[in-house]
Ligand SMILES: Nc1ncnc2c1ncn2[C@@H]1O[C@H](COP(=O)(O)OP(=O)(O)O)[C@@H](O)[C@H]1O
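Let's start with one chain on its own, the form predicted on its own, as structure tokens.
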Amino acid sequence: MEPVIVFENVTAGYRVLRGFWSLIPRVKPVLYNLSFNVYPGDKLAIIGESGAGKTTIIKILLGLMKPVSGRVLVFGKDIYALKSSERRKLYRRIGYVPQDPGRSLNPKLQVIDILAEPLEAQGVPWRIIEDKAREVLGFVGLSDKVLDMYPDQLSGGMQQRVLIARALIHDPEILILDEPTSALDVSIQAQIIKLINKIYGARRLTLILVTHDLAVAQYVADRGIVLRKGVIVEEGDLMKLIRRPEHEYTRLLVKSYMFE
């Protein structure tokens, strides 16, 4: 089976100046020689604390940050070797749920317009967009009434469902979720986890969960990558990582949660 995503010896970082008066930038690495594959139908969790490099992986995957070295293949294509028009077509096959719905939803747009954005960019007729919006809202557990509402009229849990609906409206093959429960109350977290598992069961897409929370990961993912300071310290079957962690950092993560 061919992987849908390949990270091959990827090093990436952010440009900084050498000194206060210098105009010569250098790169401060955040990821170091990172390699991993994601296969069709995977439920993969990328786990690590703040500063581990999780956000940088997402930026690279979404074409927002070119690595300093290495290759990133998505659906067999080197995304940073593609023309921008070809890259846009490729990203129609990916759905992305950003962190913190309160900051990710445009407060000036009604939900119908928020959901319409991915399809409008593809030139889909409005009548089809409206039908798809109603369909996907129902799937994530929201009524049609939400279409005419603004984000500040919705609860945090409803906002998160709108973000998920927007990521699903164009029927992606890969769904990337960035800390999808971190801004929510515990009771709402359980509902969103249940919804994520419903999405996977119904659509059988490839799921990538990015999280600092090992407890959330165990309810969603089958496979895990443990990231620390830009390096993969351990990867494999998630329950094996939890029950028999080999790396000291993974053991510390496990100890911080109450696993049986």
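Only a predicted model underlies this, so the values are computations on that prediction, with no experimental measurement involved. All residue numbers are counted from 1 along the displayed sequence.
Only in words, not in the display: the form predicted together with this ligand, which the text now covers.
Interface residue remark: Glu49 is counted as part of the site for this ligand in the model of the complex, having a heavy atom within 4.5 Å. The closest non-hydrogen atom of Gly53 lies within 4.5 Å of this ligand in the model of the complex. Residue contact check for Ile199: none of its heavy atoms lie within 4.5 Å of this ligand in the model of the complex. A residue is said to contact a partner when one of its heavy atoms sits within 4.5 Å of a partner heavy atom; Val30 meets this definition for this ligand in the model of the complex.
Contact with this ligand, judged by heavy atoms within 4.5 Å in the model of the complex, is confined among 190-198, 53-61, 66-74, 37-45 to 53-61.
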